[in-house]
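Only one chain is given next, in structure tokens, and it is the form predicted on its own.
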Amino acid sequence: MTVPRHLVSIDDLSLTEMEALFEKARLYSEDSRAWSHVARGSIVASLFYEPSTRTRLSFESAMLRLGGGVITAADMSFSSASKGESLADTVRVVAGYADALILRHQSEGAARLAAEYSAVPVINAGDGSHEHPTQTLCDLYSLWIERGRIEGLDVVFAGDLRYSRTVHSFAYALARFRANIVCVPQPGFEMPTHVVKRLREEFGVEPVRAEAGRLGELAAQSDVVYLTPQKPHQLSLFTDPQGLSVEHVDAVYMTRPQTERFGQDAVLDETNYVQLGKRQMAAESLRDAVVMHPLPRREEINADLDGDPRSIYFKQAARGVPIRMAILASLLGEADCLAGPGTARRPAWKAHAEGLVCGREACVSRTETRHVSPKFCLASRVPLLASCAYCSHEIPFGAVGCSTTRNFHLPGSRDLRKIRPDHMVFFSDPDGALAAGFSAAARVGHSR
């Protein structure tokens, strides 16, 4: 049986594949009614456990434009999920009705779980605050159309950067294209530490304090940070007293407060939320910037910008149809944008763990316990990092055992480099390793 190609994360696509999807989307957009032969006879099923307007309708429009059919469960509260059916069982059943599944779910890592059980391609239409890869492709495609390139662009992220999954996915993708990101967060809703850490460690992006005077009122109340590919003249965020000047911006990406995902510690006064209007866009560095928003918006973009030629958020939404046409055609095998079966871009080896659970309460490994047991990946060997296989949350550990020698080592031991990834067993602490029958290695005290 052929293993289907899934789109769970933006990491599932190479840069070459993304650019091929952009080219195909541009072709489809020239006459969207001319492609009704592409997916004739194929059916997609849309499973939406969370409300959606643009994502669901643009996917369904895309499939209909390709000549295929759609079956939809737009409100899962009226489905068998309300009777207690697990996501794993729903996926196995519905995969028998359709040629691809489009899933939106409130649990982080839900799409990864669905891909494990589905016999047909799974497309992640948003999983909690984790990822939204097709929105990222839509955003990248809009930049590519408007600016003719992505590499080297300067993009401002403003608003709720803490809970916005579109911001997180978009930031990773922009970093891969070697673009620069200027963070103008709502105070208290800064880019999460784990996102900045990954940008730095995996993509070589350096956080630097930004001299934001040229951003005018937009940045008046924010601690602005410049996330940019490392260059010899730059200093780190923590040692650079002057910062880099924000001279010219290519795009402003505004986000609404993601109130549906706020944690218990999140407090927001929406009357003081970051605002964007013609006055703010008059700042020197923003004069030529396009204004983007994943929608829906609240009050963060004033209506006086709707008629401004720099505002492309409605064009951005419309472009969701051709880019999703390209995604569907490719995963259904009707377009040649994807190179092959595909492998995750991030290095990951299966890791074993004893007594460890993912620390994120919203992770699917904690919300779908009947058919899911915690799974971990070795995300990096140097430095040694383990992460949840579903939501990518970093897993803290206090000891690492070897399944062949039955010895364990402390995290800083040099001997860990000699252990094969699939032989590693992670424990929360040395006592856990001892309780599992592992012995302290003779060189446990030797560290880097």
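This is a predicted model, so every value here is computed, not measured. Each residue number is its position in the shown sequence, starting from 1.
Same protein, other form: the form predicted together with a small molecule, not shown, and the subject of what follows.
- Only one of 145 to 153, 202 to 210, 356 to 364, 130 to 138 lies within 4.5 Å of the small molecule in the predicted bound form by heavy atoms, and it is 130 to 138.
- Although the partner is absent here, L295 is a contact residue: one of its heavy atoms lies within 4.5 angstroms of the small molecule in the predicted bound form.
- At the 4.5 Å threshold, heavy atoms of P51 reach the small molecule in the predicted bound form.
- Although the partner is absent here, S387 sits far enough away that none of its heavy atoms falls within 4.5 Å of the small molecule in the predicted bound form.
- The closest non-hydrogen atom of T55 lies within 4.5 Å of the small molecule in the predicted bound form.
- Note on contacts: among R176, R198, R112, R104, the single residue with a heavy atom within 4.5 Å of the small molecule in the predicted bound form is R104.
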